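There is one chain below, alone, in structure tokens, taken in the form predicted alone.
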Amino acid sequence: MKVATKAKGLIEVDERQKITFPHGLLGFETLKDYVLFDAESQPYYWLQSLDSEQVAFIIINPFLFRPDFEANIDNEELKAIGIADPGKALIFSIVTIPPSGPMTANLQGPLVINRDSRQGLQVILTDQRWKTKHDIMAELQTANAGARK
């Protein structure tokens, strides 16, 4: 299917790249359908709204820069998108790239996607370790330094 995107204009994507968020995302509750595709730079991805060409998010797998990340999500929330086995979930964090300052990721409100049904939700974690702005590059350097020890 062809999709009008904010980042790349009109592109062709596979139907399997479509993700439905039955409750939308925080602040974008009316926008339910998105497509997920690779960004120009890995390890980032685009989550592009199908309902509004101007709404797109850069997302990242939080475990890449925070191997200690834990998303303790209520089983009832997971069941709402058909996840019985947490191992079937894909987890992403929304990235913010400000005009100046570090690129950050929101670990307090990760996106959880059922890789089989391609339904997702955004959860709010209550664990005080996870904030809305984690400096991706600084935490990646810390993670890499820890891995070398």
Partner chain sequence: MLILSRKINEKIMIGDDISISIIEIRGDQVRLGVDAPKKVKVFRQEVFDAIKAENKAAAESAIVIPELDFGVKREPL
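The model shown is predicted, which means the values in this text are computed figures rather than measured ones. Residue numbers count along the first chain shown, from 1.
Keep in mind that the form predicted together with the partner chain is missing from the display, and what follows is about it.
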Does the 4.5 Å heavy atom contact test between A7 and the partner chain in the predicted bound form come out positive?
-> yes
Exercise for the section: Indicate whether the partner chain has at least one heavy atom within 4.5 Å of a heavy atom of F57 in the predicted bound form. Expected result: yes
Is the gap between F69 and the partner chain in the predicted bound form 4.5 Å or less for some heavy atom pair?
no
Fill in: 4.5 angstroms heavy atom contact with the partner chain in the predicted bound form for G27
yes
Looking in the predicted bound form, the residues of 90 to 114 with a heavy atom no more than 4.5 Å from the partner chain, listed in order, are L90, F92, I94, V95, T96, I97, M103, T104, N106, Q108, G109
